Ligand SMILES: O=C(O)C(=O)C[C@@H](O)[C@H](O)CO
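The data below hold one chain only, encoded as structure tokens and taken in the form predicted on its own.
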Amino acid sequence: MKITRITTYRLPPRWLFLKIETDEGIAGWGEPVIEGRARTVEAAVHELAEYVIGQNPERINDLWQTLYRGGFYRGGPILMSAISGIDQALWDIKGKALGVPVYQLLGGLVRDKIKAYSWVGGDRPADVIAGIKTLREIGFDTFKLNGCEELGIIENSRQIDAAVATVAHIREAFGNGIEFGLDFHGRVSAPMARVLIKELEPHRPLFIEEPVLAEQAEYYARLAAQTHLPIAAGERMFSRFEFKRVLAEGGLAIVQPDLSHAGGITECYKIAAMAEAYDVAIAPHCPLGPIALASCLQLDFVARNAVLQEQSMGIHYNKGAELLDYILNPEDFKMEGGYFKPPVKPGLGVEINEALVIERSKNAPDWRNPLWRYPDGAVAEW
């Protein structure tokens, strides 16, 4: 079998799909993207295509190493996201060629279902309560929301009180009938993270995500030492080599690699195994589309330390398309009691509505995240 072509499709709301075709008529799909930089990743995919066109798609490990090590400069969000989508598509082809889901190729099921959680609320948390109520009606009982708005490097007590009051109101409204993680989104400096985590402890969030940016990863262990709340991070870390340093320094209870950013199934399988050796859980980051989710599920069902799976159903970023719009088998991704079951079809388990993908790709928007500023005019983290 030989790879004959790679085609990319930018799609609403903010996704990028790729299709790898072979001379035997088997095609695989992947989802390589950095949110807000889809065109840049798309260019990287086509630059890397020269390494895979004409090659045997079944040699996934060799192709991955070629894509990663074939250039003198490597790593980072753009190149690793491009590799991720190609890797996903190669696994999709191999599973289809052998007639089994990818998780069977990785040793088979380690669990029968995986807990899903949903984003709620948006960037400003005023409508969080209503959002949770809506999502509970469709079966969710576990959520993630932004833990605060923008915070200065040193912030006043009013801002801290406002963030804590939102969380307190959620806990008061729902008691322990729900669970929720709080995403600081890298908006919080190390000095203020210490303050905010301490104030939030009585409300017992499921975890604190990205209390500081990955660039400040040396603080994860220091922050973990001051709290009993689990610390989670990893969506802005792009290879096992970045996770290696963080795991060795300690502090994280949950790692959150993104299978569309951190090297695909091949690399994230290794990251999960590394985390297991440190008794650290994995909860793959996935606010993206159906191919990304299907890839995450393949990992969830072979990694014993997988605990939660993010997904984008109803997420506030989804303008122009929803999670399951581009697939022909949405029934395979329906949840039961807040859990996903293993995909049943060969490969990644997604049947892509290619006609719709082609049509919607003709006028895909260029999504950008908001640009926030502090009251004094300086750029703030979003």
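Quantities reported herein were computed from a predicted structural model and do not represent experimental measurements. We number the residues from 1 along the sequence you see.
Below, we turn to the form predicted together with the ligand, even though it does not appear here.
Interface residue in the predicted complex among P205, P287, P101, G131, criterion: non-hydrogen atom within 4.5 angstroms of the ligand
None of the other options qualify; the answer is P287.
Selected contact from F140, Y220, Y269, W119, since only one has a non-hydrogen atom within 4.5 angstroms of the ligand in the predicted complex
Partner contact (heavy atom, 4.5 Å) among the options: W119.
Among 245-253, 106-114, 182-190, 93-101, the region lying within 4.5 Å of the ligand in the predicted complex by heavy atom distance:
Careful reading of the contacts points to 182-190.
Though only this chain appears here, would Y374 touch the ligand in the predicted complex if you measure heavy atom gaps against 4.5 Å?
Taking the distances in the predicted complex, the answer for Y374 is no, it never comes within 4.5 Å of the ligand.
At 4.5 Å between heavy atoms, is D332 in contact with the ligand in the predicted complex?
D332: no, not in contact with the ligand in the predicted complex.
Is K144 near the ligand? Define near as a heavy atom within 4.5 Å, in the predicted complex.
Looking in the predicted complex, residue contacts with the ligand include K144, since a heavy atom lies within 4.5 Å.
Applying a 4.5 Å heavy atom distance criterion, does Y317 contact the ligand in the predicted complex?
So Y317 counts as contacting the ligand.
What residues, if any, in 1-25 have a non-hydrogen atom within 4.5 angstroms of the ligand in the predicted complex?
Heavy-atom contacts within 4.5 Å come from R14 alone.
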